[in-house]
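As structure tokens, one chain now follows by itself in the form predicted on its own.
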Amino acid sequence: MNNNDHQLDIFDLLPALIDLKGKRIVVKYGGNAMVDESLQKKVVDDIVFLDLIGVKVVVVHGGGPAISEHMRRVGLKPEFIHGQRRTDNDALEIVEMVLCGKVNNQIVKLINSHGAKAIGLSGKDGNLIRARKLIREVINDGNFDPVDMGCVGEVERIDSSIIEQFFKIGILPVIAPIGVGADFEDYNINADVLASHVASSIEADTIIYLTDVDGLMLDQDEPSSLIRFIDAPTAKSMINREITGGMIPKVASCIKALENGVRSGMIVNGTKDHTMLSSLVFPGEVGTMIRAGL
């Protein structure tokens, strides 16, 4: 059985999906599924469908390509250190404008136009995300040297009561990865990492990472190398070996969520029809399911 076996009409999945009513699911939304308008509609269809059948959904989104494009447009050069964006004050202004003013609003508008009720939030709203400055370390000549990432933060805490209040009144939160520190400074946060913290804070049943590939693959050019099920300890041992590049923060963040009580994690291709729904109905048949243990 392969991934294409489950590219079904959305209503074919309805009987099994009904069993998800009341479950809590965090969706990390990014990649080409966010950039391409036709793909946006497909992802939003799935999110709205889950909401309408009674699943409590939280969307955490990124927006890296849009940020880089806008920076280049105004003459700023995006800077990355080990795959993470360094964010000085000028860059932060653009990051906030793009994430909160453009991307977040677009997602909220799409969800609302498809029949659900969504609200856009950043970490500054109600002090939802308390952050602190992130100091990265890089290896130079065998030594770990600290690197100042600028206005890049890590999550200190999530005020889940804010999300709970929106759940109670049937509103779907869409969260941009901007936090605020005790120093009242704003911080840009990795969206994969933030999704993990959000999932842990609301005791989510599942966290779903949408990517541009079919899941964890031992060979990106060989579809049969897709890993359908994997436990967290095994996945952790593969980081920086079989798991590389942009997949590392997704897998590492997913593992962290599982260690903090989230029941399962899914890594699925957000560019294919209804893969989010199919992965919930056919775990292990669509994408990769990561479980806490054997």
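No experiment lies behind these values; they were computed from the predicted model shown. When you see a residue number, it is the position in the sequence shown, counting from 1.
Note that the form predicted in complex with a further copy of the same chain isn't included here; everything after this is about it.
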item	value
Residue (of 154, 205, 214, 125) lying close to a further copy of the same chain in the predicted bound form, criterion heavy atoms within 4.5 Å	125
The unique member of 79, 185, 148, 88 whose heavy atoms fall within 4.5 Å of a further copy of the same chain in the predicted bound form	185
Listed range touching a further copy of the same chain, judged in the predicted bound form by heavy atoms within 4.5 Å, from 24 to 32, 40 to 48, 254 to 262, 231 to 239	40 to 48
Non-hydrogen atom within 4.5 angstroms of a further copy of the same chain in the predicted bound form for each of 68, 243 and 248	no
In the predicted bound form, residue 112 touching a further copy of the same chain (heavy atom, 4.5 Å)	yes
4.5 angstroms heavy atom contact with a further copy of the same chain in the predicted bound form for residue 218	no
Proximity of residue 121 to a further copy of the same chain in the predicted bound form, heavy atoms at 4.5 Å	yes
Proximity of residue 135 to a further copy of the same chain in the predicted bound form, heavy atoms at 4.5 Å	no
Any residue of 231 to 254 that, in the predicted bound form, places a heavy atom within 4.5 Å of a further copy of the same chain	none
